[in-house]
Every structure is written in C-alpha cells, then in structure tokens.
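One chain comes next, on its own, written as structure tokens: the form predicted on its own.
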C-alpha cells in the first residue's frame, strides 16, 4: 500500500526519485566530518525559520507593542522562552557556522574553477544572514537593541552619497520609531529570508553540479554513497548544534532588557560579540581622525573587494598563500580588537556601572510587568511610574553630585572623577561627597546619629564649595553643630539612653512613614516632653528643640512651637513624604534653611512626578515582591 502511494506521488512530483538520488549521491573518498558543514548550516537555518514563524504568531511590531509582546513570549507564552531562546542562539550559531564554512572554503581552495560562483553565492549568503541578524537585534525594542541600532544606523548614514537617503528609508524617517520597527520586521522576517532561501537553493544546485571539492589523494579512493555513513555524521552534527542551542537557552536564556527609552543615554550600548571588533576598530585614533566612514565604509569595502577576488588571486600557489595570509591577518586583527574591546570594558567603571544598571532596569521591568500587568500606555508607562525604577536614576542624576547613598551614587556605583590618558584610556578617582550621605535618611538610626555624632554625619560638607568659597563650613560650625557638641556628653550617658530613644521615637512618629511603623506610643509621649522641655532622665540639654525648630505635632490642634524663618528646619513631619517633597522644591524656604540654605531648589529642574518618585524611592514606598528587602535599594 505504501509502495503504491509512493509510486503514485513520485509519478506526479518526482520527489521520491530525487530523494533516492540524494541518498545514493557518491562521496569521493567516503564520509568525512568536514563534509557536515552544509547539513549543519541547513539545519540551523531550518531552526531559525521554524522558531521565527512561531515567534511571528505572537510578536507585534510597534513602539508600544514590541517589548510587550516579546515579554509575553518570554514570560507568559507556554514554551515561549524555549522558542525565543532557540531562535536567539541559533542566529548566533548560524553566524559562526557560516564564518567557519567560509574559512573552510578558502583554506581548501574551494573557490577555484569551476566553483567561483559557489564562492560568491556563499559570500552573498553570509552578508544576507548578517543583515537578518542585525535587523532582528532591534525587534524586542529593548534598551540594548534600540541603542545598538541607533549606533549602527548612524554608521550607515556616514556612507557617501547614499548614506543619509538609505538611513531615512531604513528608519522610515529621521528618527527611529514605529516605521523603523515595521520595516526592520519586514526585512527580518520577509524579504531577507526569502533572498537567503533563494541563495541557498542556488548554492545547493551548484554544489550538486560540481560535486564535492576533494584533493587528488581523496579522489583516488573509492567513492561511498551518502546513505548511511555520511547521513549519520550529518545527523550527529545537527544534534550537536541542537544540543548547544538548547543548552544555551536553558543555561543563559535569551536576554530581554528594559523597554527602549530614547530620552536617556545608554552607556552599556554595545554590538553583539560578533561585531565587537568593528566597534573597537571605529574607536581607533586613525579612524577618529579621518572619519567614521573610513572605518565603516571604505576599509570594509576594500577588504570585501579582496575577498571577492580571491578565486582569481588563489589560482597560483603564491596567490593562495596570499589569500591565507590575508585571511590570517584579518582574523587575527578581528580577534585582537575584540579582545581589546572586552578588556577595556572590563576596566571601564562607567561602562560596568551602566551595564549593571541596565540589568537592574530590565529585571525590574519584567518584575513589574509580571506582577502588575502592562497598562494601556505600554511598558514605558509602567516603569516611568515606578519609584524603584526611576528613583535611583533620578538620585544619580540630580543628587549624587553632592550627596551619596550608602557611599554610592544611588545606582550602586561610586561617583568618579574621570580623566583621560593620551591613548584615550580612562583614569578613575573617587569623587568625594560634598553633602551628607542620605543612606537611611529619616530613620531612627539617622536621627540618633545626627544627635550623637553630628560632625561625622555632615563631615562631607567640608568639601562643599561655591565660586571657590566653602559653603558647608557654616553647617559644621553653626548652631546645631554647637548644640550637638555642647550636649554630646549628656546625650551619650547611659542613664539618658531611654530619653534619647524617646526623643528619636517622637521625631520618627511625626514623619508618618510606613517603613518606620509601628511607633511606641509611650516612647512618643516621653519624647514629646524631651523635645519641648530639654529634660532628660539625668540632667538636661542646653536648650530645647522647640527653641529653634518649629513643630506641629501630628493630631494636635495647636503648634508646639513656631520658629519658621529661624534658619533651622521645621521638624513637623520631619523625614516624611510631604516634608521631603516640600524641602526638595524649596530648601531655602523659611520653613527649612532660609538664608542658610546652600542646596539648589528642584522645583523648576524636576517635575512634580519626578520629585515624588525620588522621595517614594528614598522612603522605600514602592511595589516589591513578598520577602524582598524593605529598604531602598
């Protein structure tokens, strides 16, 4: 029955006969492992095509849908992580296999007559696959893909005569957006694969026409049909490829960074590792001096021209040696530049900080989208309203010039003073703070430290200068500093520990902060008395807090003290959300430091939403999964 069906089908299509001829194909000298490249390439391309079609079913190109649909594929769709991971790593594998196969063609001189066209078609396939690879890099519309594509598009724009028009057509306008995504998607999933398939068909046809290129010694050995020995080798090689791709997917996974943000700079932008050499090449002093187009267009075109001519150059033994030498130098240069790029990035503290920040943002975006869902405005709306996503960035941008947070810039990195060496390498020196470290600001520990160790808390102020004059000294020698110095001994007496604790508890209770609750009511009441009377369990303070600071106790109708304009900040709600927001807007207001203020106002330089996000982050008031730490990270 099966034979009859096969005969019926073969009579009408001829496919069974063609398949039989393929299996009977004679291999000079018998099966070899080095003959498996073609099978591995075809198999990897097949993986790309199948997983690409599956991804296509769930992907949606658009600035408000690309990251979101990629997130859905990666984290919500059943086996989506596997499909995307296989697609991602199969693309890298295809690039490597094509490169090695191309190298094999040159080393074994498989470009000599009559296989020149085979060589050129293979070269064209390599270019098309590179374009498929590069256009796919943008499609997740995440930070890494977006900013990497921006850099590549700028390079494209440097091409003489056609650069800018080609860039405009590719992007669909002057800047990258929806049109860019839809055009790149059409190229990546439609036009370029169709061209690659066409080239693959032509290449296969040429291989069958001319047969395998083998040496005289191999040609003298008996030929062996393809089935089963070479087929077994091909099958095992393809399984090896599959194992590597699936292994990388399970071990590392396909990356998804935070959603693309075209407003902020992205210091971690780098090309994929296959193109790191070009990235470093374009940074060379020679290229910088003569223009990027020299390194991105003229020199690559010259190299490509030599490679295209290799079938003619390699006809003689000397020409073949030249080809091998040229290829060796080229590969050595690419390897060296890639190594230098990795080495420099490893030593570049700014890049390392930017990379880790990008990782943090990507993790947070996924965490929020998984827990809260993605709103109608897209993932950017989600993360831009998240204090933990935005707060560290705002602190680093607006506050870290003077303050530190636990010694860092809010993003977990030191604040550096960067200088450049003659070879453009960087020197990093930690830039000292000029204002107090705000780690734990407003907490009980912070208040206790201010009371008992004022000098250490505000020591960075000694570095604060403006127009060459020290502006922090007045805080280190001012009324509060003198008060702390005068009362240091009595505040640190063990007999007064309970009184000091009560005072701190009273101040903490005024903030109303969620992260400081619950408050000890008895301690709060006792602390109120210390605040107003300066009386401790053993002795008394030189003056009461109400003598300088304004205070309207929460829940009471009348103010405990009114000292607005005295140059000492009012402590009503001290360290709480409203107090911090008002303080950031106008630190020089009479309720805060008045004429003593040395801190810039952020009312004009930051939006109300940015100030609230910064404050909420500092207070630890943001979404966190259960069992995560409660303090600002």
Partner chain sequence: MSDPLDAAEATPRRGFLKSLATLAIVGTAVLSPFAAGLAFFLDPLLKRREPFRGAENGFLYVANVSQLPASGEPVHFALRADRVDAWNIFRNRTIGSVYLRLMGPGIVLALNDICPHLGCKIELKPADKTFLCPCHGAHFKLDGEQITHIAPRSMDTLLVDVRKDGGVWVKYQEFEGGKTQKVEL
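Remember, predicted model here, so these are calculated numbers, not experimental data. Residue numbers count along the first chain shown, from 1.
Not on display, but discussed next: the form predicted together with the partner chain.
Asker: Just one of 183, 101, 233, 552 has a heavy atom within 4.5 Å of the partner chain in the model of the complex. Which one?
Answerer: Exactly one residue meets the criterion: 183.
Asker: Among 432, 300, 173, 228, which has any heavy atom within 4.5 Å of the partner chain in the model of the complex?
Answerer: Spelling it out, the residue with a heavy atom inside the cut-off is 173.
Asker: At the 4.5 Å heavy atom threshold, is residue 262 in contact with the partner chain in the model of the complex?
Answerer: Answer yes; at least one heavy atom of residue 262 falls within 4.5 Å of the partner chain in the model of the complex.
Asker: Does the 4.5 Å heavy atom contact test between residue 414 and the partner chain in the model of the complex come out positive?
Answerer: Contact check for residue 414: no, nothing within 4.5 Å of the partner chain in the model of the complex.
Asker: Taking 4.5 angstroms as the cut-off for heavy atoms, does residue 306 touch the partner chain in the model of the complex?
Answerer: No, residue 306 stays farther than 4.5 Å from the partner chain in the model of the complex.
Asker: Does the partner chain come within 4.5 Å of any heavy atom of residue 154 in the model of the complex?
Answerer: Result yes; residue 154 sits at the interface with the partner chain in the model of the complex.
Asker: Go through 468 to 476, 145 to 153, 516 to 524, 443 to 451 and give me the stretch that gets within 4.5 Å of the partner chain in the model of the complex, heavy atoms only.
Answerer: Result for this chain: 145 to 153.
Asker: Counting only non-hydrogen atoms and a 4.5 Å cut-off, give the residues of 177 to 197 close to the partner chain in the model of the complex.
Answerer: Contacting residues: 177, 178, 179, 182, 183.
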